[in-house]
Structure formats: C-alpha cells, structure tokens
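For reference, the chain that follows is the form predicted alone, supplied as structure tokens.
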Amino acid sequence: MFRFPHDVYVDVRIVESHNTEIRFKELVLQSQKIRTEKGALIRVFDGTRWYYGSTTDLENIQASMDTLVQMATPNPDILNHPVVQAFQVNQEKMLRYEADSVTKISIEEKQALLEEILAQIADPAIVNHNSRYVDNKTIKSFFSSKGAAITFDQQTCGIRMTLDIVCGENKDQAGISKGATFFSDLGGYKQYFQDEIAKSIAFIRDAEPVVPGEYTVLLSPEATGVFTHESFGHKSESDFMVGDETMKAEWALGKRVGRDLLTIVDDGTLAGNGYTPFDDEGTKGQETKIISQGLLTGRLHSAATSVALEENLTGNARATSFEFEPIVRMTTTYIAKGTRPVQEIMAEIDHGIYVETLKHGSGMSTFTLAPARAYKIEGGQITTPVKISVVTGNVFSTLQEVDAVSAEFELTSFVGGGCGKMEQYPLPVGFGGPYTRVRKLKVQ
C-alpha cells in the first residue's frame, strides 16, 4: 500500500470517524449534527528522533511520509533498535460492528428514541433540562515498515441529560448518562433513565449535610470504577516512571499494596468505551493484571516505556485522534469481583457511607471523588441521603484499607466525557467493578 524506506522505521495510522449529535433544550430540538472526519498520523523514527505529521489528505499520505523521511537521518541498523524490535507485526482485519453499525440507523430514529425518554420527564421539581444523543463509529487502519497491516472498528452510542432540580429551598443539578455499544441496546434503558430521575429528585429533596470525618465507605460499581481509574489507574501508566527513580521505587513490582482479595485489571479486549483490540502502535490488546492478590504485578506500556523499563508490551499506547501521537493510556480498568454478596458486606458496617454515583474524580498520589448521590449506612442498612463535597485519600494507604469486594460486578459505560491526560482529552475509557468496602476514608 505504501512505499516504506529501508533505513528508518515508519508507521501510518489512518482514522475514519463518524459522529452523530442531537441536542434538546427541554423538549425543543436545538441541533442535529452528522460529522465524518478522516485523517492520518505518520511517524518516522531514525533511532535518535521521532518525526510526526498529520494530514486529512489521504490521497497524499505517501508524499507526506516522504517529506518526513527526508528530515530523518538514514540508519541501516534501524531494525535492531530496541524500540523498533519491540513493535509487534500484526496482520488482521477485525470489523465486529460492521453489521450493526450506528451509521445504518437514521437520524430520525435516533431522535425518536431521545424524545421518548424525554417524555418521561414530568415532575415539576425539574425546572430545566438539557439532553443529547451521541454516537461514534471509528475505523482504524495501521501499517508499518515492519509489515504490520491492521484494520478494526470501534463503536459507542448513548444519551446524556442534565437536570436542574428545585425542591423547596433545596436545589442542585443532576447528570444522568448511559452508553452502549449497539443502538438497539439503548431502547432497553428507558426504565433506567426514569429510575435515575426519580432518585435524583428524592436525593436533592431529602439530603442533609454530612458530618465531616473518617468513615467506612462502600463504593458502588460506578464509584469503584472511577476510584480505580483515578486513584490507581493513572499511577500504573508507566510513562510517569521513566526517568523518575522515586516513582519506580514506590512502584516496585512485587510490592504488597493491598489484601489478597484485591486484584486490579486493565483490559482492552472488553466491549465498551475502552475497547482497544489494537493500540495506536499496532500492539494487540490484552488483559493486564496491575495488582494480583494485593501485589503489584504490572504496569501499562507503550513500546518506548516497555523498553525503558524492560517489561512486556500491554497494548496501551493510545491517542484521542489522528492529530496526536500515542501516549500511555488506560483502556477498561476495574477491580476484579469477589465472592461475598454485597448485602453481607454492608451488614457489617455499623456507621458508614454508601457512595452511589459520582460527579467527577481526580488524582495521582492523592485522589478525590466528588459524589453526586451518597447515603448513610446505619446498622448495616442504607438510610439518610447526605451531601458530600469530596471523599479523599492517599492511594497506597487506601488500597490497604480495601477489605471487601462483592460478587456483584458491573462495567459501566457513559457518554459525554472521558479521560484527560496532557493535551489529549477526552479519550473513551471503560471502568467499573464490584461493590468495594474501604475501611477508612476522609469525607467532607
């Protein structure tokens, strides 16, 4: 397909992205947008320096490549460079969403589904609401001078709404989002949106300020997922460790960081927002156990970081679009499920907090979670809703405090957000897990 030179390494990543967005303000249609974007990123490596170029002129990728190659210094020994040797040579076509592509659904059908869900909003406590339907279908192709030739697709769709709720003197904003892989799945979430609306109204009406302090906290699968992503997932991205001896010492493989019940996994092969069957360097996606039974056992890698730290590739070099070079990013990250029923775990909490949904989270060595809905746990039962600004803790200390994970398990998908790192935002990621009990967290 391309004329690759012999004295430098070259790869080409071609991305074709189809996006739909339908916006409503209350029950009034504001906009419909269908956008198709095509582009490519070309990378050239001469063993000393990388040269990058992006283009939307797909007919002239070869010319763009030739221009970059002229900037590089010829290196007859390039195939023996450790990073070049690390690159996989996969040759595969994997179009799993071709038959059920969201691009085959009419915009009228997509709008009708959103209107049907909006028709459920009838409570006078909701004084204003905005909503949108979004979907994305992406086809990626990857070719390299080593012989890689890959084509695969990714797909997501979903609905997100923002509600302004007023209950007497109490008022707040609630966000509800649900994502899916196939459009046909979204029709099954009508009851989900109805239930979430009712829960949000009841919470804002009845919630009282929490008494600040240290509590035993039970995290829902959603909260577990964000906690795992923010508190621990980012620390597992190995580009933070290259050249940082302090970080490498803190992150020494084999170190005990939790109890035997704690296993944390990143897996790009799982369907959903984080589905990455091949990363943006052509590495095949896989399951990577970052923590296994309480011990640090892995990190997430690009080819460059795997060579620098002398560890195996994991398939985690990702970019938000063809305009960016790949960097180390998570795919779908979660705590593995346990064996105990959540009701049994909760029954052991005499005085604690249950975090059901979150507004957002952030963190590295110290993390913070901002709950949307949280409740007291008293005598092993969920009772009064409580307003909480943040739940916070030190990452490694908190991992040691995880003392129970449930047999119930859920991976969650959302639309309208994503993971940010450096200038690349938003990147679709998946997360979730079991109900997770943390013996001690600061609640404010």
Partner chain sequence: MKRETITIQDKETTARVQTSQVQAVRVKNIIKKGVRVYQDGKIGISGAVGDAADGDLLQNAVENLSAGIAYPYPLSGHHMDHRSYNDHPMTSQELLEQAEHILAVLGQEYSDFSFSEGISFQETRIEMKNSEGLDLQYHDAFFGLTLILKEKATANLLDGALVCQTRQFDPDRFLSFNRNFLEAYRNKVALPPGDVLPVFTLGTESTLGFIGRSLNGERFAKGSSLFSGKLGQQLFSERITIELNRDPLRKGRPFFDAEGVVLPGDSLPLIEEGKLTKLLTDKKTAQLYQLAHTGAATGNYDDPPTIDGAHGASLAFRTDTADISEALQGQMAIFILMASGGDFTADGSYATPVQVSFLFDGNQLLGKLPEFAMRSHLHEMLGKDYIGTFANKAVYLGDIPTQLQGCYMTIMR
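Positions refer to the first chain, counted from 1. Small disclaimer: the values here were computed from a predicted structure and weren't measured.
The same protein also has a form predicted in complex with its partner chain, omitted here; what follows describes it.
Using a 4.5 angstroms threshold between heavy atoms, Phe414 stays clear of its partner chain in the model of the complex. Though the partner is left out of this view, Glu196 does not reach within 4.5 Å of its partner chain in the model of the complex, counting heavy atoms only. Contact between Leu29 and its partner chain in the model of the complex is found at the 4.5 Å heavy atom cutoff.
Its partner chain is not drawn, but in the model of the complex it has no heavy atom within 4.5 Å of Lys337. Against its partner chain in the model of the complex, the set Glu109, Ser177 and Ala303 makes no contact: no member has a heavy atom within 4.5 Å.
With its partner chain omitted here, the record of contacts in the model of the complex names 128 to 136 of 128 to 136, 85 to 93, 262 to 270, 286 to 294, defined by a heavy atom within 4.5 Å. With the partner omitted here, the residue from Tyr215, Phe143, Phe183, Phe322 that has a non-hydrogen atom within 4.5 angstroms of its partner chain in the model of the complex is Phe322. Proximity to its partner chain in the model of the complex, defined as a heavy atom within 4.5 Å, holds among Lys171, His81, Lys190, Arg256 only for Lys171. Residues Phe396, Met422, Glu423 of 394 to 429 are found to place at least one heavy atom within 4.5 Å of its partner chain in the model of the complex.
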